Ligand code: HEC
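This document opens with one chain alone, in structure tokens, the form predicted alone.
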């Protein structure tokens, strides 16, 4: 593990210890709570997924539960609610206890309704097997049959986590939020941290309880790291717009929900002069920038892969949406809907395969975009860093990228002291190098 990956791993663990961990919005589409959640203990025996080491000659490792309980931060999500910090947050929100409040359990546990809980279900299991794979009531017995197929398991309610779009929505329901479960500005004001996410890197940072071997590919297929990253960027932007259309104008009092805006537009020292017309996309000084950190990535990628007109169109829609976010709900929803439709169309237009030359060009394009001082928001700089590391991994160049990753990390290690100018100067130099 490189120094930079280790740093991101530590930062991710710190976030996950208090992050909004929720049941995925895809659940509503699948009506997953109509199937009972039997509890992690159902999967934990040595005859199932609780073995101490991977088993040879099987199509799964059978130590999946062991990996989850020993090293996956999701297994201790509920335990976070037992900390003094969570108790303080609950008190600030007027809640009796974080351990019993639905607003907390919906995120830090597999909070199935009472009628959908099996005999071994325990809320203290946190974000367990069925929080991601779906209620096991219908597939718990048949998924081990000699003639069982993945298609049949999915038909019985299992979640297709191997599908990038599904996995992205699943993860973002935790690391971004949904209409019903969202880390609002009020919740952040009570002490909840700012959320951040990048699909491939965050998947890498948690211990894999599966192996993408020939058998896995035969059953579920596979997707290159670059594709997973790219789809993750699009789904992140789409889901952000979707939730913003529903909740942006539901703030406290007359105000919008400030959680949708760049936190550091306000949360930095008044002595730091960050605003420029160039960085603000011509928004008026003092305006809050809608936080769409993935858009900088998408625009740069679209241009790099040979469609500068597409980048221009997307950028125009993004600016229109950001301006509309300054006003009433109707015009904002119209603008956001147009942008989201264009993102969906663009995502589906990309090919299934990319060459290493294209991946390297995208990496260089991201650095050049940042080097042109186009990433004023801290969240955008953070996504540039995450993406640079992911693409170095995709190109199997993580060691060669080591010093650059360390330099980039140093510029975003502290959000309070982040300098857009310093970040731009460094990324401009790195663009010439890579």
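Numbering follows the first chain given and starts at 1. Not measured: the values here are computed from a predicted model.
Just so you know, the form predicted together with this ligand exists too; it's not on screen, but the next bit is about it.
For the spot marked by 80, 89 and 133, is every residue within 4.5 Å of this ligand in the predicted complex through some heavy atom? The answer is yes; 80, 89 and 133 each reach this ligand.
Single option in 140, 93, 333, 319 placed near this ligand in the predicted complex, where near means a heavy atom within 4.5 Å: None of the other options qualify; the answer is 93.
What is the one choice in 283, 343, 171, 248 with a heavy atom within 4.5 Å of this ligand in the predicted complex? Selected residue: 171.
Do residue 242 and this ligand come within 4.5 Å of each other in the predicted complex, heavy atoms counted? The answer is no: residue 242 has no heavy atom within 4.5 Å of this ligand.
So, in the predicted complex, is residue 152 in contact with this ligand at a 4.5 angstroms heavy atom limit? It does not: once this ligand is placed as it appears in the predicted complex, residue 152 has no heavy atom within 4.5 Å of it.
Residue-level question: is residue 404 within 4.5 Å of this ligand in the predicted complex, judged on heavy atoms? Answer no; every heavy atom of residue 404 is more than 4.5 Å from this ligand in the predicted complex.
Within 4.5 Å, heavy atoms only: does residue 364 come near this ligand in the predicted complex? No, residue 364 is distant from the partner.
Using a 4.5 Å heavy atom cut-off, indicate which stretch of 333-341, 233-241, 207-215, 304-312 touches this ligand in the predicted complex. That would be 207-215.
Does anything in 92-124 come within 4.5 Å of this ligand in the predicted complex by heavy atoms, and if so which residues, in order? The stretch 92-124, when checked against this ligand in the predicted complex, contributes 93, 95, 98, 103, 104, 106, 107, 108, 109 at the 4.5 Å heavy-atom cut-off.
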